[in-house]
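The chain below stands alone and is given as structure tokens, in the form predicted alone.
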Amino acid sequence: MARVLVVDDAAFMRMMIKDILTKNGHEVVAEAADGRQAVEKYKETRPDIVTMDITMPEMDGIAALKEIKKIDSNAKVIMCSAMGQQAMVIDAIQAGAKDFVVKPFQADRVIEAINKTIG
């Protein structure tokens, strides 16, 4: 079981991921709607894994990933992106993301990414 911080500017997407995670025995310890909140929540909760949307207001997911990596170089972050964001996904992996999941989410792919990242 992993303690997860779910980051997405769309409440509906956070709810979907939260639902997938909790049904599969993981615990959502916090949620954030933008990159700045994500960094703050990471400091507060120190989750095992972060699911991070790439495109968000205030601070995007890649900038937030870099900030979180400064706080904790061992942070495990899974990026979530819409189709057609391949260039951003590559930037995210280079910045230290462990994996990425494409929207719309498929439950088995989300769980596979979480399990691979924990393992």
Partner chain sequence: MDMSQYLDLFIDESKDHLQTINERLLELEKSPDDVAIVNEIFRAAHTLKGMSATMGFEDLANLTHQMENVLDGLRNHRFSVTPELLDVIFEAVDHLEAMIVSIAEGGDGKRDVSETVSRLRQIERGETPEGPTGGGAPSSEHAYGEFEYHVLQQAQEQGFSVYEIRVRLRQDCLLKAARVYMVFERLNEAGEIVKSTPSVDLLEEEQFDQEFLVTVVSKVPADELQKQLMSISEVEQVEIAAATVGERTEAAGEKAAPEPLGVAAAEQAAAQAEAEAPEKTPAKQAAKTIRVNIERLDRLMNLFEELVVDRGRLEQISRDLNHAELTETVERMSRISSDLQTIILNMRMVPVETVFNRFPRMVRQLARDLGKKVRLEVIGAETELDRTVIDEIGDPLVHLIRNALDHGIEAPDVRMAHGKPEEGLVQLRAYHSGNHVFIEIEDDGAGISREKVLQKAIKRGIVSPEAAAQLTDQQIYGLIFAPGFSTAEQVSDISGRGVGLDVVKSTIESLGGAVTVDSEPGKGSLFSIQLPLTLSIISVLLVQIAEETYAIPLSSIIETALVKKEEIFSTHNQPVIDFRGKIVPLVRLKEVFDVPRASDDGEAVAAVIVRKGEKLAALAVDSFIGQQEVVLKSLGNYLSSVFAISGATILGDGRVALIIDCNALVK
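None of the values given here were measured: they were computed from a predicted structure. Residue numbers count along the first chain shown, from 1.
Beyond the structure shown, there is the form predicted together with its partner chain, which is absent from this document and is the topic of what follows.
- Shown alone, this chain has one stretch from 28-36, 88-96, 56-64, 41-49 that lies within 4.5 Å of its partner chain in the model of the complex by heavy atoms: 88-96.
- For the chain shown alone, Lys23 is not a contact residue for its partner chain in the model of the complex, no non-hydrogen atom being within 4.5 angstroms.
- For Ala82, a non-hydrogen atom is located within 4.5 Å of its partner chain in the model of the complex, even though that partner is not displayed.
- Contact check for Val102: a heavy atom falls within 4.5 Å of its partner chain in the model of the complex.
- Using a 4.5 angstroms threshold between heavy atoms, Arg3 stays clear of its partner chain in the model of the complex.
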